[in-house]
Each structure stands twice: as structure tokens, then as C-alpha cells.
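We begin with a single chain expressed as C-alpha cells, specifically the form predicted alone.
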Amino acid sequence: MDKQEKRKRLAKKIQLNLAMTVGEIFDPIDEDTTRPKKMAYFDRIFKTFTQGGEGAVNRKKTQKLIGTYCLFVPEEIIYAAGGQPVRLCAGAYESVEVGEEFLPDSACPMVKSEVGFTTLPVLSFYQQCDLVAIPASCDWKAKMAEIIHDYVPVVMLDMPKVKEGEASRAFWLSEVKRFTKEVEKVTGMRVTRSRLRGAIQMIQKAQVQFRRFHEIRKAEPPVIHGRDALEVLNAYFYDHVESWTAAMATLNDELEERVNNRESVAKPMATRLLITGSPMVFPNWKIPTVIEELGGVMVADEFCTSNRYLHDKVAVDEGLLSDMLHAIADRYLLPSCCPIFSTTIDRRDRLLQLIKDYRAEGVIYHILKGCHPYDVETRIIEKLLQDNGVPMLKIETDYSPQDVEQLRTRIEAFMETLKGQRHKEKS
């Protein structure tokens, strides 16, 4: 058997295993009568993973597909150039095995999963990208670009490590302009003032529904599971922004009705948890799933794949193309709470505000093994929470399902501690 035939068989095996994982996630979800009915739109996107991802990405056949990583790639520019962005961050254990052919065991499981999907035809949209944009947001991402360059066209975006100051802003603006030219070459369409303005406005409409959704999530008792909140934001990775916005608007309408009718997905005294740290991507939902199986609720998160993804809008004062590019560059750099930067005081402030706004009783700090930027910040965040009287549980894990029962035991004990503290405060 030749090497190509072996890889085809391996791809088929991974597709079958991934289909089983997706089925195991959605079988109990589909039987959950407390879920909002409008979640079906978002479920459909992820259920395509059982068929190799065909139909997951919402685009026209002639439209160029631009793969992106992290949240630093300006989607407004891709839309303005006539392309369709697809965020390629991966959360599948099944593709990690392939990624380990290229990366050491100590590498971030997300990057190993991403490399696996890019180098082996499991999810079709990874190979269909006409260009893949990778910000150098961590060392693993920088090396991944070199690895996958043999499989897809890649453009790297260099990142300043100190985001404050005019030099950093000027450097990042030059990277955004260079990226614009690269996208124009691929799509054959120029980014004009009117097209860019239209793209900015299109994404701003999505951000309106995004913020509306997170306001609804403050309701007590909660009207949507935290796992489902992750799903609707992960769905944005693959959907066209206008379609996603329309689906979010109908979901928000339903959720507001549920608030008015006092419908809930959890008991009134359910333990309220916030999760932060390394991002979570479908189908790696084991921690929120365990929380909600134990009767708790993930009321909020502080992830770049969810709560932070669409939070900040482009602030345009003038209508010139250069002004809009400046505004876009600033939007993707200055508000970012990513720990790759030299100081992340704004992330700490944001975390405390989320705890207050969503009345979280405790925080789970999620670390993917090999995710060094978030791991380095663990002690800083732990001390911050200690000083503010907020209990924290650190969980270091990867994409393997083998530690689920161990996680269940630790999370259950943490939740019992929080319940005990609640009763003590009342007595």
C-alpha cells in the first residue's frame, strides 16, 4: 500500500471518528426540550461535520475562501474584496494524531488539530481555502504557517508585542494594508471606499445582535446554556455574516420571550460559573457539558472564540479609505485582551466586570496543555480573583476525552464548595 492510499484510509478513519463524536454531542442535545428552538439553525452547521464539512461554510461557488486564525484578521477587508472568511480554529481530538506527525507532543492541541485538518482531507473547507491568513499570535501559530505552506497558500501577519504607542499602531496598520493587497490579488477585486464601508456596516449589524445576545444572557434564571452560547459564536466562523445576523436576531427574539415567560434551562439556585483562559472550539465542549450535566450553568466566558470575538466595533470618524483602514487596524489591536501582549491589565479589568455583570460565583481557568501565553497568566489572574474574593479552579487539559471523569470530580467538588460558601453567607 502506497503512502497516498494510507493517508486516504487514515482520513476516512478520522472522518468516521469525528462523525461519532459529533453524534455523541448532538444526540442528547436533540432530546433536550428546554433548549431554544431557534438553535436548530446553528446545530445544522456543526452537524455537517459528520459529512466532511460539506455545506458548513456559507458561500457562493465562485467566491474565494479566505481561511483565518485567531481574531486579529480583519474580516471587513475580506468581505470588501468579495471573499468569504472562514475561521479555521479547530477543537477536534481526532485530528490531533495527524498534527503530531509535524509537531512535538508538547505543542498546543488546537494547533495540532488545525495542522491535522489542513494536511489531511477530513473537513473539506480546510483544503478549499484560496488563502490562509495566520497572525503570529504565538510561537505555535508562527511555526504552523511554515508547516501548512506546502498545502495551502499562506500569508503571515506579524504582531506587535507592545500594543500601546504610535510605533505599534503604525506597524500593525502596515500589516493590515499588506494583507489588503494580498486578499485583492486572490479575489481579483479592489477594496474600495464604498465596499469597505458596506462591509464595516454589515459586521456592525452582527455586533448589535451579538451584544443583544450577551445582555440576554444576564437573565436570572438563565434562558440558554453556556454550551449553546459557545455554539452560536462558533457558528459565526463558517456562516456568512448576514445569514448569521438574521439567525441571531430570531434567536434573540425567542430568548427575550423566554425571559418574559420565566422559562429557564437551569434551576433557580444553579451554580453560576464563568470560564476564561485558552479558547474553546467545537467539538471540545467537555467542560461546559460537565458543568451543565452537574446542574450548574456557564453564565459567561472570556474567550477569543466567543465573548471577545465580536465585542468591539470599528469606530470610523471619516469616510476616506485610509481613515477606515486606520479604524479597522485599531479595532483589531487596541481593545484586544490576548495575553500575547506585554501587559494585559485590560483583560483583568474585563474579567472582573464580567464576574460582576453575570453574577458569577466562581471562575474556571481553562488551560490547554502547551498554550503558554494563557498559562503564564494563571498566577496573575488567580491573585486578582483572590484579592476580590472570587474562588478559582484551574483546569489543565487537552482534547482527549480520557480525562472527562477526572474533570467531573474536580468540577463537582468546586461547585459544592461554592454552594457551601453561598449557604455560609446567608446564615
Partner chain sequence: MSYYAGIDIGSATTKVALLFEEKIVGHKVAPSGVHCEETARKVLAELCQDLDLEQSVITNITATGYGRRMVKFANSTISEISANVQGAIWYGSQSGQAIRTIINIGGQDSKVIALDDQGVTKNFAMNDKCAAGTGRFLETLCRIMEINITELGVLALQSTVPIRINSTCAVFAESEVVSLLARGKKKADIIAGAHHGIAKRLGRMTKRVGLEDTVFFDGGPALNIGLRKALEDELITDIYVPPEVPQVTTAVGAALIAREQKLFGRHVEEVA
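Everything numeric in this text was worked out from a predicted model, so none of it was measured. Numbering follows the first chain given and starts at 1.
There is another form of the same protein, the form predicted in complex with the partner chain; it is not shown, and what comes next is about it.
Using a 4.5 angstroms limit between non-hydrogen atoms, Arg410 is distant from the partner chain in the predicted complex.
By the criterion of a heavy atom within 4.5 Å, Glu24 is counted among the residues contacting the partner chain in the predicted complex. Taking the partner from the other structure, the partner chain in the predicted complex has a heavy atom within 4.5 Å of a heavy atom of Asn17.
Within this chain, Lys6 lines the site of the partner chain in the predicted complex, having a heavy atom no more than 4.5 Å away. Note on contacts: among Glu292, Glu175, Glu231, Glu94, the single residue with a heavy atom within 4.5 Å of the partner chain in the predicted complex is Glu94. Using a 4.5 angstroms heavy atom cutoff to the partner chain in the predicted complex, all of Leu10, Lys13 and Glu31 count as contacting.
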